[in-house]
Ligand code: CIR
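This document opens with one chain alone, in structure tokens, the form predicted alone.
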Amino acid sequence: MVNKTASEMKFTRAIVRTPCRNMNKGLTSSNLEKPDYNNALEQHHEYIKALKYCGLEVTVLPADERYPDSAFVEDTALLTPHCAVLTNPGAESRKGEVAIIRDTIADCYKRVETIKPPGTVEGGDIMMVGNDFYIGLSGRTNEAGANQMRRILRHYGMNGITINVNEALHLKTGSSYIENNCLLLTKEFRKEPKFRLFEQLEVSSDEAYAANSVWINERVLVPHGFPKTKALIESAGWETVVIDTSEFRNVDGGLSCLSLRF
């Protein structure tokens, strides 16, 4: 396993998309309230400010009412140091989101690959650890899609490693790599053999949502309202930046879902 340390990893840019008014019609498995659109816009604005605070230049794409889940841009692509890969979302209602971000990705990368049917992949199922990319086999990412992704990664000198996801929506719903060999995870992934070499920081079950935290350039974005996870991350030596994503949580969205970082 090749793990880059924090000093070796650097993000410079991010892509986000403004939430649309139809976001309350998005896919969700939760029994939480429908999101408040105006509050979601304010939270999204604060999220962009946090990305900029972490040193990123942020491209903000316009809202698209055709796709209620389109603010969750992470699922549409994988952006690596060597190439971009446009995905094929497992949720039928989200497949069109790839087409509306294609040109933006092409403006940023000379090498753009594509996952083709019957393969499905969503970016929330892919966790980057240096040159290793852990690919969750979930309800949204299938074996055919994972195999395509692994072949693409190998072509560019990177590695794809599959992980079974049985409970979480995506791999990164329950695990987040926060550099220096530290892996934030929920109970589901604690005994995963492929994670045994990491320093594991287990998130308590009552704060499982906060397992989706995001390392960016020596800081970690953490969702608001999860003090134990915040303290756990700080105990590992990181500065935390707390962001309220409660409206997005109501439609199964987390911190990493809201941006593509590269």
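The first residue of the sequence shown is number 1, and the count goes up from there. Please read these numbers as outputs of a predicted model, since none were measured by experiment.
Beyond what is shown, the protein has a form predicted in complex with this ligand; the following relates to that form.
Distance criterion of 4.5 Å from any heavy atom to this ligand in the predicted bound form singles out 27 from the list 236, 61, 27, 58. Relative to this ligand in the predicted bound form, residues 128, 179 and 219 are all farther than 4.5 Å at every heavy atom.
Comment: 74-82 is the region of 180-188, 143-151, 158-166, 74-82 lying near this ligand in the predicted bound form, near meaning a non-hydrogen atom within 4.5 Å. In the predicted bound form, at least one heavy atom of residue 253 sits within 4.5 Å of a heavy atom of this ligand. Taking non-hydrogen atoms only, residue 124 approaches this ligand to within 4.5 angstroms in the predicted bound form.
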